[in-house]
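As a starting point, one isolated chain is supplied in structure tokens, in the form predicted on its own.
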């Protein structure tokens, strides 16, 4: 299938630019700051404890992807999210680069040109929290791609990884205020569509945080449906 009418982007580059933009707007970003403890009292989160400092937040947004159940466990949250591992291989551009992204339907593999890079993605494994790719499935993805496009005998693979996509039992994301914590908004469980749904979810979370009624009904995404 040829998705020439669609668009694609480099997720890492998108996030880099987004980070720069929010910093320019005045956001105080704390990278590599793990949350050690979340303290709540009387139905409200009162402290976020990290190894180096403690925050007293007015509002908390839990958007930790596949790790959301671990982060929310101490708050008594029921987040039935499973990690769906997907594999990625990135290499330098080849001589005959595809003009647009391709989806190899029979092999369940996607081919995405990204400027001077070419990326192959595929596979879905439920339940394992590891981000270390299985070499067997990396080889299977490469083999599937070779059935459709010409590649050199030896590939210069620059990066391989297994990403954890947060999936819910009904396939719908979890978006909305926690019933048990008045200052906690949940925004997680976007499965394989995180990059596509992220901007819309961000808009909805902004509206909720500012007391604005969202433009559409959030009931199907309610955290309390499980």
Ligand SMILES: Cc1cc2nc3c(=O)[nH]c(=O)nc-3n(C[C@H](O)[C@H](O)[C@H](O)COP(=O)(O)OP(=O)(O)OC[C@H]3O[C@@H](n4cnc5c(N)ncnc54)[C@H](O)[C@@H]3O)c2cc1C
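Positions refer to the first chain, counted from 1. Everything numeric here is computed off the predicted structure, so don't read it as measured data.
The following text describes the form predicted together with the named molecule, which does not appear among the structures shown.
J.: Given the named molecule in the predicted bound form, answer whether the residues 97, 107 and 148 all have a heavy atom inside 4.5 Å of it.
T.: Zero of three within 4.5 Å in the predicted bound form.
J.: Would you mind picking out the stretch of 177 to 185, 39 to 47, 52 to 60, 193 to 201 that comes within 4.5 angstroms of the named molecule in the predicted bound form, counting non-hydrogen atoms?
T.: Looking at the partner contacts, the answer comes out as 193 to 201.
J.: Is the gap between residue 171 and the named molecule in the predicted bound form 4.5 Å or less for some heavy atom pair?
T.: No.
J.: Quick one: does residue 163 come within 4.5 Å of the named molecule in the predicted bound form, counting heavy atoms only?
T.: Output for residue 163 is yes: heavy atoms within 4.5 Å of the named molecule.
J.: Does residue 86 reach the named molecule in the predicted bound form, with heavy atoms at most 4.5 Å apart?
T.: Close contact exists here: in the predicted bound form, residue 86 approaches the named molecule to within 4.5 Å, heavy atoms only.
J.: My question is simply whether residue 121 lines the interface with the named molecule in the predicted bound form - judged by any non-hydrogen atom within 4.5 Å.
T.: Within the cut-off, so yes.
J.: Which residues, if any, of 19 to 36 lie within 4.5 Å of the named molecule in the predicted bound form when only heavy atoms count?
T.: 33, 34, 35, in sequence order.
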